[in-house]
Each structure stands twice: as structure tokens, then as C-alpha cells.
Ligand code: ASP
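Read the single chain below, which is given as C-alpha cells and is the form predicted alone.
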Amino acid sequence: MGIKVAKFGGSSLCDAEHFRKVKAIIESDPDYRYVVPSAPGKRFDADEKITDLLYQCHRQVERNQSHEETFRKIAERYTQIARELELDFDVNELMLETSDAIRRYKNPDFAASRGEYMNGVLLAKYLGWDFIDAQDVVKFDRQGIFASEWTNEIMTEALSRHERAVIPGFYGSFPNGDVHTFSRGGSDISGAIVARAAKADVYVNWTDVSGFLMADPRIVKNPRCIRELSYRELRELSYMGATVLHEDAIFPVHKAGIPTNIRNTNDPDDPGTMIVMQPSPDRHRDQIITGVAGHKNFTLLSIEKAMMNAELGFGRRVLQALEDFGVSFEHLPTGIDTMSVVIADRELVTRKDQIIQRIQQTCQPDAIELSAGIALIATVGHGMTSAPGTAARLFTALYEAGVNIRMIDQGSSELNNIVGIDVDDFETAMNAIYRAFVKD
């Protein structure tokens, strides 16, 4: 028998009906051994997430205000789930204990973590499985940095004592035992941590979509689903804006060589997307690219100086100017006498003039030009490395769509090709690139 670890997102556990779907999924495959739940998400557009309500409770407690009315909304959600599932335990006692603890601890992380904690308790009762509190097995150091090896040692030992168990996502604890949380969306990370510790064959991340799409459906109509992609491709697409899986969640399972399967709780028969170490050899026979993703709101800082390539330390001084003002860069396309730095607009809001002045002082360039309103689009895929004419196909598509290319940056691995364009051409360019490589 193999081992599968399942993580279920907030939309997959938002009410009793979805709890039933989750139980059906788990019971359909005996390889499922450990489950990581999120807090209940929205049931409908105007609904409130439990985690948001818990943060509100903390703010009220911190201001010496009553949080009881807000917590009543939270208690009603869990009580309704327990009642409809006919769970045989005192859910009211759990609610009272949690409300009192939020008031006593006055800790925002503790308050926020209770969504996953209470959902984990309910799910464990419903499945008839053991419950392991993440506070005991997920560890952060004193600075709040996740302690991966310490956690893996503790988690591995704990899991060995439980044939099947529910471990809440999103939180762990400092060395002194105080609760600390990951960033929002951190249950994805928790699931990957459990998968690594369990030495799972597969980490299955259940959500409300059937895997990754080849492009943003808000921009490209009916994009295809990506059935298989590598962790490297996922990293590139996530960095450029594709958001299905929390970006940091790839590292624990990637390190352990465990594939990740993105599945849809509401369509469990759909195979979803499989994220693997290396794509299968025949994957790109019909599909050269894996996906297209992009971001808006960048500035292109262009520096020109004759004989720049012969001036020792020129590039270092440019980047030092950015570092001195706490600014990071995205890309660094260069020429013999030119150097361009792509920077997110938000990084330059208050520091643009100081950076330009510092570069002028330390580099004495012939010219400096700032071009705002740039969008970046990355075309990603292992298949691009072995397919002649991929770049020509991409640039022809943009030319025929009337899109002017402001910048080109191709990674040394040839895994991606990034173009910088005017932000007004973003949607047009995304569609043009997608349609150039995907034939419906």
C-alpha cells in the first residue's frame, strides 16, 4: 500500500455538503493516510471567511472590545457543520474554549490559527481518524523562520504513531510553544511538509479548480488545462502570476522528490494537474509550451555608456545603488554599451530620484532613461528547448497582433522567454502568444 497525503482548501471544507465530498474522496482510496485541512472558506460571494472573522475577533480583543458577536458568526458555522454531519461530540464546548482562549492570549496568530484547528477537530471526528495538533509538530525558530529539518524530524516521529490522522494547516509554534502562522495560504505549505515527513508517494492538493490552466481565464477564453508540468515550470509560472498553489509549497515536496497532484473537490474524477520532477519524454510532441503568464506595472531603467563592457565593476555599482535603497530587481537584460534593469513600480514609488542620482554619481553614464507602464509576459515550457523556431513563432504572433516589444529576456536554461511590452497591450499580447502555440 502506498501513502498519499491530501490537503483540502477552504472552499473544499466550507460547509457540511463539502465535508461529505471530502469523506467520499478519502474513503475511495485506502492510500490516503494523512489529511491537512484549511479553515472554512466562503460558501457564496457575499460570505465571510472564517480566518477573516478570527482576525476581527483579535482586533476587538486588542482594543478591549467585546468579540462575542463576531465569534458567534464563527460558532454558528462550525455548529451547523457538526449538526448536519450528526457528529457525536460537544461542539459547543469547543467553541466556548476557543473564544475564551482568543480573549486570554491576545495573539493574532493564535486567533487566526483556530480556523484550521477547529476544522481539523471536526474533520477528524467525521472521518474517525486521529487528530495531531500542528502546534506540536510544526516548528519555527525564534525569528519566525520555518525550521524545516527540526519539523521533519518531529513530524516523522509523530506520524509513525498514527496509521491515519488529520493535521491542521497554516500554523505551528515557536520554540517556547507559542502559536505562529505561515502567510495566508500557508495550508499548502503545511500539506507539503506532512507529505515530506510521511515519505508520501503523492501529495494531493484538493481545491476548487481542476488544476493549472495554460493561461489566465480572465484574459484568454477557455484555456487548456496543464495535465503535467515540472516543478521548475511551476516556479516560473507562479512567479509570473499563475496562482493555484502557494508558491512556497513546492519546496518541501520538491526536495523530497514527491509529485504533487492538483485536483478539484467538486469534480473528483478529473485527473487535474500532476507536478513532477521531470516531464515525460513524449509530453511535448503536440504541445511545445506549458503555459503563458504575466504581470503588469513594471519600470524599465535603461543605462547607456560607451565602452561599458570594458569598465570594471559597472554592473555591480548599478545594482549597489538599488541595494542601498532597499530595491530588488526582476530582470537584467544587457548589451555591450547598455544595461537595463526591470523593477516593479511599487519599489520605485518613493526612491526613484535617489536611485537615479546615486547611479549618476557612481557610474557617470551617458544617459539614463526610465520607461514606466511595462508589462512582462513569460512563455514557459521544457519543449521550447528542442523546438526550432519557437522564438520566431512568438515574435511573429506579437507583430501580427500589432504589439511592440520593449524588452526581451531569455533564461540560460531556455525554459522561458520573457518579453516586456506596453501595459496597454497586455491582454492582446497574452491572447496572441497563447493562440500561436495552442490550436483548439
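Because the structure is predicted, anything quoted here is derived from the model rather than measured. Note that residue numbering follows the sequence shown and begins at 1.
If you look for the form predicted together with aspartic acid, you will not find it shown, but the lines that follow are about it.
Note on the partner interface in the predicted complex: the residue among Lys49, His67, Arg33, His382 having a heavy atom within 4.5 angstroms of aspartic acid is Lys49.
The listed set Gly185, Pro108, Pro279, Pro223 contains one residue whose heavy atoms approach aspartic acid in the predicted complex to within 4.5 Å, identified as Gly185.
Partner contact region in the predicted complex: 34 to 42, out of 34 to 42, 386 to 394, 367 to 375, 400 to 408, criterion any non-hydrogen atom within 4.5 Å of aspartic acid. Using a 4.5 angstroms limit between non-hydrogen atoms, Phe170 touches aspartic acid in the predicted complex. Looking at 105 to 119, the one residue that comes within 4.5 Å of aspartic acid in the predicted complex, counting any heavy atom, is Glu116.
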